[in-house]
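The form predicted on its own is given below as one chain in C-alpha cells.
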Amino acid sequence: MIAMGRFILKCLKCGREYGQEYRLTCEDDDSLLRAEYFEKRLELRDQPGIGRFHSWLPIQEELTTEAGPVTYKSEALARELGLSNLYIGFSGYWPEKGAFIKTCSFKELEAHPTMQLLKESGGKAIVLASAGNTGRAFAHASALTGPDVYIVVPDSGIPKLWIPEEPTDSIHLISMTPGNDYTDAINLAGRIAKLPGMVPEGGAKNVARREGMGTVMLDAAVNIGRMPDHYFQAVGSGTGGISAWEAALRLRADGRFGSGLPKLQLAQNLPFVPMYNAWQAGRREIIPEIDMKDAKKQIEETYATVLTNRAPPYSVIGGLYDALVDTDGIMYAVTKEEALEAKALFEALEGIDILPPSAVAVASLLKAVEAGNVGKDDTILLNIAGGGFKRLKEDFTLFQVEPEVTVRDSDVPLEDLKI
C-alpha cells in the first residue's frame, strides 16, 4: 500500500472511495473506478513527455520518460479537407516533431504510469493480454524499469512484439497458436493473473492506463488553448475514447479550457464492428449473436487486428456507451479499402508513416467531412495513435521478443507454462 496524498479512487456506480492503490474493481460492483485528484487545476511539470501531466497521473513519483503525445496543427491534410483548425495528436516516433515514443504507439502512454504504479504498490509481476501494440509497450517499459511482465498474445500479434533494445529476462512472452484471437489471450491472461505474485494489468479497469492515454487530450488542450470541438480515434476496446472523455471532464472542471465537451467521433474496422453495431441500434448492451456474428472469422478478415476485442468496456457504468451519450458521439464503420486510401493520403500529405489503427481514424475523419459531421472552422483533434515505424528503423535496431512457450488454447494447464 502506498502513501495517501495525490488522489482517491471512486466507484462510478456506488460512490465508494478507496485510497491511492493498485485497484481495478470496486468491492461492491463491476463499474469502472475513476481517479479524483486533489490537484483540480492542471499544473504542468518541468518534465519531458508524459511526465508534464503529473497533476493528473495516478502515481507518486514524476515520470522522466521522453515518451509523450505531440500536438501540431495540420496544414496539408487540413487544406485537402477544407478544414481551418485540424490538429493532429501524434503518438509515435517523429523526432523532427519532438515525438519520441519508441514503440510507435500511444499504448506506451499507458505502460509507463502502470509500471510506475505497480512499483509504488509493491507489485512484482504484471500480466496482460495483447493483440500486439500493448504488449510491445509493456515489454519496452519492463526492459527500462525492471518489473517482470507476462504478455499473452495470439499468433497474429507476434510480429508486433519488437522493442528498440535487447529483450531482458524480465519479459515473458506466451503465444497462442493460429485460431486464437485477442479475447482468447485475455482469458488465458486472466487465469495466469490469479497465480501467486501476479497482478492483472486490468485493461480499461486500470486507471493508470486510462490516465496515460488521456494525456493526448490534455496535450491538445494545452497546445490549442482550449478543448477541441471534435475528437477522432479508432477503437478496439474503446478505452481510448473513455480516456479522452475523462480527461475532458477534468479540463472542463479546471475552467480554463472551455465548457463544452469534445464530441467523440470513433471508428471500428469492418467487418468486426460490435460497438458500432450496438451504438447504431441505440443499445447499451452488445448482443454477440447480432453485433459480432461469426466473430473469429470477422477478426481474421480485419485489417487493423489490434482493434478486435470481443469483450470491450462498452456497456459498463463509466464505459464507452456513457462516454458517447455524454458527448453526443458518433461511431463509424471503416472498410479496409477506405483505411488504406486514408493511410496513403495522410502519409503523402503529412510526411510520416502511420499504423493501421491510425489509418482507420483518418478514414473516419474523411467520412465525417463528407457527411457534414464537422464544420470547416471547427477545432478538430485527430488522434494518430501510432506512427513513425519506418522513421524509427532509421535510428534504431529493433529486436524481436521471442515466445517462451506457445499454447493451443486458453484452457491449457497452467503448470505447462512453467511460470
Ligand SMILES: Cc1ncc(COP(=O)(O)O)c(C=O)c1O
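Sequential numbering from 1, following the sequence displayed. Every value quoted in this text rests on a predicted model; they were computed, and no experiment measured them.
Heads up, the form predicted together with the ligand isn't pictured, but that's what we're talking about next.
Checking 221-229, 102-110, 248-256, 287-295 against the ligand in the model of the complex, the stretch whose residues place heavy atoms within 4.5 Å of it is 102-110. In terms of contact with the ligand in the model of the complex, the residue from Gln116, Ser142, Gln233, Thr215 that brings a heavy atom within 4.5 Å is Gln233. This chain is drawn without the ligand; in the model of the complex, the residue among Val306, Val149, Leu324, Met176 with a heavy atom within 4.5 Å of it is Val306. Interface residue remark: Pro262 is not counted as part of the site for the ligand in the model of the complex, having no heavy atom within 4.5 Å. Of the heavy atoms in Gly386, some are within 4.5 Å of the ligand in the model of the complex.
Not displayed here, the ligand is kept clear of Gly51 by more than 4.5 Å at the level of heavy atoms in the model of the complex. Although the partner is absent from this view, Gly92 stays clear of the ligand in the model of the complex, with no non-hydrogen atom inside 4.5 angstroms. Taking the ligand as positioned in the model of the complex, the residues of 236-272 that bring a heavy atom within 4.5 Å of it are, in sequence order, Gly236, Ser237, Gly238, Thr239, Gly240, Gly241.
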